[in-house]
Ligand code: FHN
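Presented below, as structure tokens, is a lone chain in the form predicted alone.
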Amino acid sequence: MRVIILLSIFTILLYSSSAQEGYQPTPENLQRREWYQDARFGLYIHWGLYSIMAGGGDQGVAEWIMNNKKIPIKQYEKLAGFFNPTGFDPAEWVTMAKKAGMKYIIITSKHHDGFAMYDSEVSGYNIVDQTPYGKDIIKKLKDECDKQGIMLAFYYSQLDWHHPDYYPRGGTGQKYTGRPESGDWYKYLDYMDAQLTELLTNYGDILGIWFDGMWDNRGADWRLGKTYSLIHKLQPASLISSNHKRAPFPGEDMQKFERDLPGENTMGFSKGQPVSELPLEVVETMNGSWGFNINDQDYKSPKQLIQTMVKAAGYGANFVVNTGPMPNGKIQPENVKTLMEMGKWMEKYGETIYETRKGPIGPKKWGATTKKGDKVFVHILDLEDENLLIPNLPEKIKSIKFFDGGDNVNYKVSDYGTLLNIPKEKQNDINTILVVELTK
């Protein structure tokens, strides 16, 4: 056990020593962080060659199909010849996101399979050079986001199952790929920085870079300081996020939690991941897969996703819900329907989520609180009867009203807490919201 602990400490120190030590965010970056926290709700898009195989019939495979099915590089590369998403309409995507109440989009520019979904001059393994479609979907999407006032961020996988210099390899993308058992690790990092430079210089102002995959090779020198400095130099306002499942390293501007609420670790992805004071983000799938999976019908209900968003906001975290477009470029109808229902809810109740910060009472089984100015929004998600005892608020209460209708809430403050009376006829199946106005 002592050896494991020492190794964990060594790994953290190794990462930290290679990060952007002494990083001080610019005023532009701090302003972007505020915008990001105010936005609260975003869309994740996992799209690539893997969508053609639609998960291979296995739930949860999707974008991992090359690794999980042990497909050699020479065979996997053939998928590019079938990728022709003539149904892709960026205006349709962005309009859908706006109707859902989303303020930003994150899209996979390169996933673990190494295929660039943009026009990369650094690598010919990209959508423009290798597919019948032959167009830069990242540029098309960015242009539409600019037109409709949506911010766009780029997911970028540090892990690469295709590049020969990703060596020594980590826990995935092993001998089945057909790559030589040799390579120049720092040459690969130079390649990665060159692609990031393309993304940061060819597409205008972006929300940021969302990294993933560093967990595959924890013992490697990822040279984070150089990479993070490059990003902040090219776009001082842009945010850096990394799904390494550790406490944020110097140079990172936010902290991500994969399919889990901050500090809860119900999915097992966030073990040992403390919650920082940086902006937070919770990302969730609409079924069990990130990329398109034709066999995964385990869809989450709009109610479930809305309640997760509310609890995320109660932790002070943004909520990002993922969709994996089909190979023809269309979004699954089931996902569109869910997003439209979430959008209707946000249209009515978004005031209690947008521009809020975590409330004075952390998320509980019954619900959560969010705060904006002198108002606290009490979100009641699970109430067995008509009464709820909550901890007393740190400030004096001026009034408590139902968000729906504006009627007064009967309440009593005592040394034991504040007892709220919520009649059955006032309860909402998804979220009963109370507006607590505090005295200044």
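Start at 1 and count along the sequence shown; that's the residue number. Because the structure is predicted, anything quoted here is derived from the model rather than measured.
This next part talks about the form predicted in complex with the ligand, which is not shown.
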{"item": "Option from 296-304, 85-93, 199-207, 243-251 whose residues, in the predicted complex, bring a heavy atom within 4.5 Å of the ligand", "value": "243-251"}
{"item": "Distance check, W290 to the ligand in the predicted complex, heavy atom within 4.5 Å", "value": "yes"}
{"item": "Contact flag, R33 vs the ligand in the predicted complex, heavy atom cut 4.5 Å", "value": "no"}
{"item": "Any non-hydrogen atom of K371 within 4.5 angstroms of the ligand in the predicted complex", "value": "no"}
{"item": "The ligand contact at H232 in the predicted complex, heavy atom, 4.5 Å", "value": "no"}
{"item": "In the predicted complex, the residue from A313, V283, I150, I106 that sits within 4.5 Å of the ligand by heavy atoms", "value": "V283"}
{"item": "The single option of Y191, W215, Y354, Y167 touching the ligand in the predicted complex, heavy atom within 4.5 Å", "value": "W215"}
{"item": "4.5 Å heavy atom contact with the ligand in the predicted complex for all of D113, H163 and R179", "value": "no"}
{"item": "Residues of 31-52 having any heavy atom within 4.5 Å of the ligand in the predicted complex, listed in sequence order", "value": "Y44, H46"}
